[in-house]
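Shown below, as structure tokens, is a lone chain in the form predicted alone; questions about how it binds or moves come after it.
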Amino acid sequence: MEELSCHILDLARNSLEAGATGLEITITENPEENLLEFQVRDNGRGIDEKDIPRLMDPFFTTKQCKKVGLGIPLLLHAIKTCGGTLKIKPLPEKGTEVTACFPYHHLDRAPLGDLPGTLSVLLTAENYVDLLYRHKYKQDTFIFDTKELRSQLGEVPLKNPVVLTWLQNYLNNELNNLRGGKTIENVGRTGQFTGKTSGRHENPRKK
């Protein structure tokens, strides 16, 4: 997978296939601390602690309809390529949390990729899901919550093509604003830059 957003989408789909109705995706970018981290957290049926090491084996899967499970092994390969870390843990009550950390400036660290497109794809899934998305860049945080958007849309579904088109543009603009006007596409492979409605921004320095 060329972009980290593809890994995020794969993990999120696993969550939906595990029966999750609540999904939290958190991205943390801190170039000054050489950190890029993403976390996918769900309320699905979870995983046994003893099965976690086996997830690294491409020939192990908990899905009855498949004989291989390449998602986690591919993510692990992307992480190891640049000396990052991967942590998978079952949550106390229900669900799973996957956290992947990368050195922000490593030459082999894949770019984040098309995050607005990834979120839009998730919202077109058959499963009903409440999605909470947080994107932290240095001290600022952008938050997007489908519960808030659904309350504004009323009976108009999130899957409506007009809504999805608007949503992608909106997320693109907000994420660009979060990074000080630099576009996602201008974030190079090394993480270096070469080039408000239902969401909200938080900056603790301004409080």
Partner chain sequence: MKTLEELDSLREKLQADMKIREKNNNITVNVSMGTCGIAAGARETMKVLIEEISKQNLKDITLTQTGCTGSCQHEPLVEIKKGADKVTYIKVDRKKAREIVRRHLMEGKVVKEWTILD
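Quick caveat: nothing in here was measured; it's all calculated off a predicted structure. Numbering follows the first chain given and starts at 1.
Although not depicted, the form predicted together with the partner chain is the subject of the following passage.
**Q** Would you classify Leu164 as touching the partner chain in the predicted bound form, given a 4.5 Å non-hydrogen atom cut-off?
**A** Judged by the heavy-atom cut-off of 4.5 Å, Leu164 is in contact with the partner chain in the predicted bound form.
**Q** Answer yes if any heavy atom of Leu35 is within 4.5 Å of a heavy atom of the partner chain in the predicted bound form; otherwise answer no.
**A** Judged by the heavy-atom cut-off of 4.5 Å, Leu35 is well away from the partner chain in the predicted bound form.
**Q** Please check if Glu49 has a heavy atom lying within 4.5 Å of any heavy atom of the partner chain in the predicted bound form.
**A** Residue-level check for Glu49: no, no contact with the partner chain.
**Q** Using 4.5 Å between non-hydrogen atoms, is Leu70 touching the partner chain in the predicted bound form?
**A** Yes - in the predicted bound form, heavy atoms of Leu70 and the partner chain come within 4.5 Å of each other.
**Q** Between the partner chain and Glu3, Ala125 and Tyr170, in the predicted bound form, does every residue show a non-hydrogen atom at 4.5 Å or closer?
**A** All three within 4.5 Å in the predicted bound form.
**Q** Please identify, from 82 to 90, 96 to 104, 112 to 120, 130 to 138, the stretch that has a heavy atom within 4.5 Å of the partner chain in the predicted bound form.
**A** Only one stretch qualifies here: 112 to 120.
**Q** Residue by residue through 133 to 160, tell me which have a non-hydrogen atom within 4.5 angstroms of the partner chain in the predicted bound form.
**A** Leu149, Gln152, Leu153, Gly154, Glu155, Val156, Pro157, Lys159, Asn160 sit within 4.5 Å of the partner.
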